[in-house]
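Only one chain is shown below, in structure tokens, and it's the form predicted alone.
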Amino acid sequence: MPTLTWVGKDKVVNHHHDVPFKVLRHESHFDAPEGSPINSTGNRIIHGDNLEALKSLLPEFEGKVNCIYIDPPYNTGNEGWAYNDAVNDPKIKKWLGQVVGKEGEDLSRHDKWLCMMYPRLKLLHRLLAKDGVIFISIDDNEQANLKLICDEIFGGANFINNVIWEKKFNPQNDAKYFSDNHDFIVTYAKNKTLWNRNFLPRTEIQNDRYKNIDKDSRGVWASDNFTVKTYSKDYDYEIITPSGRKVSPTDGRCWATSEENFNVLVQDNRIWFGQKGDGVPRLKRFLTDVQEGIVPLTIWKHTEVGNNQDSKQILKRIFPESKTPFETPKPPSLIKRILQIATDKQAIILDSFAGSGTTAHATLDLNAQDGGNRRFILVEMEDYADTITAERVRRVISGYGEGTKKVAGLGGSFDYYTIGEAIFNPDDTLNEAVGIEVIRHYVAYSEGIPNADQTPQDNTYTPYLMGLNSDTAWLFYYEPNEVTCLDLDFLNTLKFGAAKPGTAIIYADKCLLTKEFMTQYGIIFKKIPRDITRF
């Protein structure tokens, strides 16, 4: 498979492992006013660098996110984004804090963008469920590069489609070459064989083409072509219409079924020969027979999913008192289309380039429409994360506008987080300031203890127990102000009774037991902090 090479690639392909794990700090909770409609709870908005935020989400959400939508910088040279990842490489360090310029002004602009995107996509891939899917908005500046790195990270076999979104409908008569009126939405599954795409709801326009010209008791129908391109000699026969006219398929085509089956369809009044009975036969498809919805197309028109101008007007109605800093926000109807295709009513949805909060708006809107309980996680690094991203969600939940322009609230709630301290100090010791519960949770995740087997500190056996099943006990023997020692005295404090497992994995500062003793009794010692896995 072809791969893409750029300046700094060798330094960023594993950079997501070097990103320090930091604790999410809960700042506030927002709930819909009393009497609001019921909508999803457990939603999150995180203010902070999305690379750090994605790393912090792993213990709780790795492999659990059903749908990801991101709208990263398009790298047009007009967005004012700067490269800020702390990659340990002299060339990349020179980029830190520098605003990425336009083509010709900044010869490393594509390298910077790829170095920024690659580790984030690696973490998004880890967060995505086995049957999950990711949608990425982009334009021609980086679409080709994005496709190649997504092939590398997600696998080329998991590419779904490159959707075309008609973002504008007025031609730019002053355009130098072409009037640019579309964006792409690059779509990949975690595992294409496991992803089940939903049908889109049928529209009134699509249903209006179904009529009942012959007053068939089975209801309205539409006629469909009765010939196919895949030629079969057995399906190439002459048909005599009710008027006596003889018809055959056009050259290179044949009828859709055998002559025997055709006669059965005629007897069942499922073939239409036209009002006068002399037309080329067509198959009658009843509205009751067609799928509940329609297969999504790869071209999404602005009349169906909105355009940039629509989204600007929506933001103006939500924030009439101020101007928002978004030149090209996405309309909620666009994200809603994605959610209709990709999610069920219990889905977890992640947007790590949250911007104005459109993904949350669309999630709550679709929940209100179909009674779903979809949850969203938004990450926004800019200073407006609270004043615009979260504030928009507050207003959408509560309602906004006045008089005839008032829009009713959708209900729901969310929690607002910032990114706190790292779990490890610069000298690689544990940062006790984050709290023992956070440390225990981290170690339990790094050990891969199933959620069902994890135990709280106030369990019936010992406060050092992290997890227990019939095979294994996991213990984190740690005290902030003293050195812990795995010895016979500690083992004598452990009373599992009939629940005693065959293996005990015990973390402690040091160990005085012999290797022979530990082998005999199924004990595995892990030294704090040396043997705590970094991920």
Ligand SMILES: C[S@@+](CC[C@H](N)C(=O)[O-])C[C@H]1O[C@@H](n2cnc3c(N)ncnc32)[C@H](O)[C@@H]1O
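Counting begins at 1, following the sequence as shown. We call the rigid core whatever largest set of C-alpha positions still superposes within 1.5 Å between the two forms. Model, not experiment: these values are computed from the prediction.
Same protein, other form: the form predicted in complex with the named molecule, not shown, and the subject of what follows.
Undergrad: If you check in the model of the complex, is F424 within 4.5 Å of the named molecule, heavy atoms only?
TA: Contact with the named molecule, no.
Undergrad: Answer with yes or no whether G355 is in contact with the named molecule in the model of the complex, where contact means some heavy atom within 4.5 Å.
TA: Yes, G355 lies within 4.5 Å of the named molecule in the model of the complex.
Undergrad: Is H361 close enough to touch the named molecule in the model of the complex, meaning at least one heavy atom pair within 4.5 Å?
TA: No.
Undergrad: Can you tell me if W272 lies within 4.5 angstroms of the named molecule in the model of the complex, counting non-hydrogen atoms only?
TA: Heavy-atom contact with the named molecule at 4.5 Å: absent for W272.
Undergrad: Determine which one of 235-243, 71-79, 153-161, 424-432 lies within 4.5 Å of the named molecule in the model of the complex, judging by heavy atom distances; exactly one does.
TA: Stretch with heavy atoms near the partner: 71-79.
Undergrad: Would all three of N50, R120 and F326 be in contact with the named molecule in the model of the complex, where contact means some heavy atom lies within 4.5 Å?
TA: Heavy-atom distance to the named molecule in the model of the complex: all three under 4.5 Å.
Undergrad: Check each of D216, D224, E382, E304 and return the one that places a heavy atom within 4.5 angstroms of the named molecule in the model of the complex.
TA: The option sitting close enough to the partner is E382.
Undergrad: Work out which of A444, I185, I92, A368 lies within 4.5 Å of the named molecule in the model of the complex, going by heavy atoms.
TA: Of A444, I185, I92, A368, the residue with a heavy atom within 4.5 Å of the named molecule in the model of the complex is I92.
Undergrad: For a quick test of reading the superposition: does F169 move by 2 Å or more at the CA between this form and the one not shown, rigid core aligned?
TA: No, the C-alpha position differs by under 2 Å between this form and the one not shown.
Undergrad: Given a superposition on the rigid core, I'd like a yes or no on whether F159 shifts its C-alpha by 2 Å or more between this form and the one not shown.
TA: No.
Undergrad: Taking 2 Å as the cut-off, check whether the CA of F326 shifts that much or more between this form and the one not shown after a rigid core fit.
TA: After core superposition, the displacement of the F326 C-alpha between this form and the one not shown reaches the 2 Å mark, so yes.
Undergrad: Please say whether the CA atoms of I92 and G355 come closer or move farther apart in the model of the complex, knowing the change relative to this form is 3 Å or more.
TA: Closer: I92 and G355 approach by 3 Å or more in the model of the complex.
Undergrad: Knowing the shift is 3 Å or more, I'd like to know if the C-alpha atoms of P325 and K316 are closer or farther apart in the model of the complex than in the shown chain.
TA: They are closer; the C-alpha distance drops by 3 Å or more in the model of the complex.
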